[in-house]
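Encoded as structure tokens, the following chain is the form predicted on its own, with no partner shown.
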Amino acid sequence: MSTSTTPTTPQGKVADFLDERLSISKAIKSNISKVFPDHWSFMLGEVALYSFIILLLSGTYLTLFFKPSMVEVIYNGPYVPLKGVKMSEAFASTLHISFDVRGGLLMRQIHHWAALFFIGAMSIHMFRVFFTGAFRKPRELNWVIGTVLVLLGIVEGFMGYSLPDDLLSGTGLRITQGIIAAVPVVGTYVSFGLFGGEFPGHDVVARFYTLHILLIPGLILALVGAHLMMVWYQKHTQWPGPGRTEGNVVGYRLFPVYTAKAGGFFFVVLGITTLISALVSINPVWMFGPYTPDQVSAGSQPDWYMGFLDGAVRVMPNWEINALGHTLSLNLIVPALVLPGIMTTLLGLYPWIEAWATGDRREHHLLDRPRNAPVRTALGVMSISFYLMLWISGANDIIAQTFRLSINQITVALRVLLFVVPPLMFMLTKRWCLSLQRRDREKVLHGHETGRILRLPHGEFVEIHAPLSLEEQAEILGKMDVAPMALPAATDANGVAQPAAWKARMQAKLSQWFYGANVSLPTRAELLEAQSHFEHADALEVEATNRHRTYEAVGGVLLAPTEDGSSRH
């Protein structure tokens, strides 16, 4: 007796048609069973992905109405304050989208807010990856992809911000042109080529538009695809916990649980972005007016992700080198080109820098709690504080005006704090991480304080401590204590100096610096002693409870134990 396997539903027939020609059933069966760990911090990358999808959808709508042209026109639209004003077609079409196109202003604001969320989510996602050590082998290349994605996101955001050709974005373009022109030898040529002649030129908006809607989104889309493929192939990292090892993944299957959660979360991100865009105005270009080279918008500030670059330019002293009839503007080259280049290079190469400094070449699939890598965590906080000092410097004029302070004094103070705050944050963060490690060790050995006080038969009062749950124990004991590398001998057994011994000694010293500060986990003997202590405390509590019940049963007369174990009044 045979059983027919021919599908009868339309969906089944389509699936059967595709499977007969593409043989996709085996691949689908194996992939939909893939397991992903579940933790709230993993959603940060999803926020970035969904924000990018929102950017693509809203940007496609805006391209139908935007005109990337610098041709001058006379505005005659519904916004009365600008009627009869000469402006570029780019700015006029932006006003047209904002006031004439149905839903145009909402779509503009969704696009702008989604861009801010996209870069912000990528940045915080990279913080999570850095502080947990998720960049280590075999995920170094994915870390580099993430670094490039953040850079492309910043460039993409700046270009989109510049397209309306309003007074605020034009001020930012003028600063950009000055930075480009400050580059030795090729700066003026690049500036002329980009702007199509003397600033502001007639080509920059059209060229930015092409890059903004085609080249850079294509690169981002390709890198996002590569990033997701590598995550899929290498499997996702996970936090230490019960049953979690370097060789497995504990979580939910892709289908149906993870698919349903991810799909629902996309609509949550879309809904929140739309709600904020509908209620909170952003980039009201009609208030700034069209760009004219002889005007600057008062209190102009870039979007938050460009604030550190603006702050670096503001805090840099006005240093120049004049030689052979040429001027080298260090006040622009150092903060706007050299400093971002160093920051980006160190960020992209950090996985290899840490691996070389520590000598750690193992594969890692379990994440570190930030407190368990105090030096790495301190380096991250130090870098963030350095970035924040530059970011604050980008608003020195607003701070001076708001608090009625001297802008020169604020600038000088920020120059000092730029070199004082980061090392201070390094030391404080490192000490904080070590303190948390000590607290974890005490919790494993002594448990949680319960607030219950027990009086022993001989009159002593003790507090009952509750042991940690299995989840808490696995989380704390998942820490790996790594011994630092030993300093190599400068000479061999024959007393001959070893070649490149300085390199090995430097690596060993860096390893000791990275791993030297550590609170070791309890030994097996200490854990057994702690378990015995908890069992003894439980027994004492049970005995005290029984004695209390006996006390109540005999009418409030306490029965005290005798030496032979019996009870007497």
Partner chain sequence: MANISGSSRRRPYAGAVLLLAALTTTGAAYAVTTSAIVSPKSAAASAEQIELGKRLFTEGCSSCHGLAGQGGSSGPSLIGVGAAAVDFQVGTGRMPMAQADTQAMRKPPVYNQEQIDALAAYVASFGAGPGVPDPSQYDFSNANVARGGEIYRLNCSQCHNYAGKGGALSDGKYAPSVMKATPKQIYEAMITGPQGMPVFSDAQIPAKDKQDIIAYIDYLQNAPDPGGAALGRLGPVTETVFMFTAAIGAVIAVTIWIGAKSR
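Every value quoted in this text rests on a predicted model; they were computed, and no experiment measured them. Numbering follows the first chain given and starts at 1.
Just so you know, the form predicted in complex with the partner chain exists too; it's not on screen, but the next bit is about it.
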_So if I measure heavy atom distances to the partner chain in the model of the complex, which of the stretches 480-488, 354-362, 80-88, 218-226 falls within 4.5 Å?_
80-88
_Whether K261 contacts the partner chain in the model of the complex should be assessed with a 4.5 Å heavy atom distance threshold; does it?_
yes
*Is there a non-hydrogen atom of D100 within 4.5 angstroms of a non-hydrogen atom of the partner chain in the model of the complex?*
no
*Should L168 be counted as a contact of the partner chain in the model of the complex, where contact means heavy atoms within 4.5 Å?*
yes
_Please tell me whether any heavy atom belonging to L105 falls inside 4.5 Å of a heavy atom of the partner chain, as the geometry stands in the model of the complex._
yes
*Find the only residue in A400, L454, A474, M316 having a heavy atom within 4.5 Å of the partner chain in the model of the complex.*
A400
*Of the options F308, Y350, F131, W113, which one has a non-hydrogen atom that comes within 4.5 Å of the partner chain in the model of the complex?*
W113
*asked:* Given a 4.5 Å distance limit between heavy atoms, list every residue of 249-270 close to the partner chain in the model of the complex, or none if there are none.
replied: Y252, K261, F265, V268
